[in-house]
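Consider the single chain below, provided in structure tokens and representing the form predicted on its own.
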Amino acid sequence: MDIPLDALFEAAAVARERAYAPYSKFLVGAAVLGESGRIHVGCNVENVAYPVGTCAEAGAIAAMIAAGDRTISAVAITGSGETPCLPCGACRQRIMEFAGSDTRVYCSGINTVYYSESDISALLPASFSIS
């Protein structure tokens, strides 16, 4: 499947601008490409009762599952900082659970022109599995 990288990052950027982060002021948007070719998005949502908030990647994966897709083909994550926003450890595990070991993860910051790129197995070399 061709990865519509521009569309993924545009969707992640729109989601980032809708994030609710009144405490950290750090906005994150994520977009996952499902096996159907549809793009699903999520944003971080903070809560005063840390760590009850929700990561952008978790929201995007939940939206993907709710829409009927079960496999992540690619992920784009963008944060409001200058450097590329990498997924936290819990989100790396979430991504791995719904993706293949070669699923590409693209990360950017607010003004990043060049995106860092990695496959999820490089970001999470010792993941858990159900089987």
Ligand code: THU
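Position 1 is the first residue in the sequence shown; the rest follow in order. The structure presented is a predicted model; accordingly, all values stated were derived computationally and were not measured.
The same protein also exists as the form predicted in complex with tetrahydrodeoxyuridine; that form is not shown, yet it is the one meant from here on.
In the predicted complex, at least one heavy atom of C55 sits within 4.5 Å of tetrahydrodeoxyuridine. A62 falls outside the set of residues with a heavy atom inside 4.5 Å of tetrahydrodeoxyuridine in the predicted complex. In the predicted complex, tetrahydrodeoxyuridine sits beyond 4.5 Å of every heavy atom of V41. Within this chain, G34 is remote from the site of tetrahydrodeoxyuridine in the predicted complex, having no heavy atom within 4.5 Å. Residues P4, A11 and S73 are none of them found to lie within 4.5 Å of tetrahydrodeoxyuridine in the predicted complex, as judged by heavy atom distances. Of all the residues from 69-101, those having a non-hydrogen atom no more than 4.5 Å from tetrahydrodeoxyuridine in the predicted complex are I77, C85, L86, P87, C88.
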